[in-house]
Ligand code: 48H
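Only one chain is given next, in structure tokens, and it is the form predicted on its own.
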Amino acid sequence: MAIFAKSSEKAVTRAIIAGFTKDMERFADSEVIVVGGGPSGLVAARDLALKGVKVLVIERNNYLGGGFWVGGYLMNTITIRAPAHKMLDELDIKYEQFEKGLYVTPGPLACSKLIAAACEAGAGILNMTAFDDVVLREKSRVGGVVVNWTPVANLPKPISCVDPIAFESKLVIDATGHDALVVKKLEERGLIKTPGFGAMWIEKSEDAVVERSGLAHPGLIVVGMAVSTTFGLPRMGPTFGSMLLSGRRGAEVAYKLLKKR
């Protein structure tokens, strides 16, 4: 007895192509592009999408979430310092108090909930898509990103001449962690200078990252650990409260800038 509806291989193929093409066409011109699908990027994308902003997340891996999956030292425990635990409440993520002001939650649970929240809010997702370059407009304003398939970088040089494509946007958010890939591309072009991130100091770093999240160059907002690299702040290590709040701060800055345009 047949359980599933009748279909064919060609129908499945056509469905995949049609869905992917529809998304590519929709997000070729976005209001905000978030480069990096870790916790700060996902929070920024979710918050903006909930406000009706057309936002696309670019992720080079075949999964979203970054280090939010595995916590510290591959031990699958996420630590969150108050008051960022309130965001766990907002996302309906269960957690426990380890000590006053310090909370823990399973990485897979927290990450899955955050990914689902961003997708359900309406954020577009392109994974296995590597950031390659920036689109620049008048007075060196960042006006989009140039991307390619992640596997292209691993092809032998004689066959790796696969031209990238570009997505335009009003704003770009660099959420690529310590690498700060978008910021570094501007640095290569002599448009910005970065001191790099400092040694670990959790208490100082988390406050500073949230405070400095925002505009780093016309058209470019930095969130998460990209903030530390851009402004020379200490690294924070395996705690994620500031990643969540930094993403929210970046979304707030982005929304205000969009409203001014």
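Keep in mind that what you see is a predicted model, and the values were worked out from it rather than measured. Residue positions are given as counts along the sequence shown, with the first one as 1.
Here the subject shifts to the form predicted together with the ligand, a form of this protein not shown in this document.
Engineer: Only one of R141, H178, K86, K184 has a non-hydrogen atom within 4.5 angstroms of the ligand in the predicted bound form; which is it?
Structural biologist: Flagged contact: H178.
Engineer: Given a 4.5 Å cut-off on heavy atoms, tell me which of 25 to 33, 45 to 53, 224 to 232, 211 to 219 is the interface stretch with the ligand in the predicted bound form.
Structural biologist: The contacting stretch here is 224 to 232.
Engineer: Can you check whether T129 is within 4.5 Å of the ligand in the predicted bound form, heavy atom basis?
Structural biologist: Yes.
Engineer: Is the ligand in the predicted bound form near all of R81, L245 and G250, within 4.5 Å of a heavy atom of each?
Structural biologist: None of them does, since no heavy atom lies within 4.5 Å of the partner.
Engineer: Does any residue in 15 to 39 get within 4.5 Å of the ligand in the predicted bound form, counting heavy atoms only, and if so which ones?
Structural biologist: V35, G36, G37, G38, P39, in sequence order.
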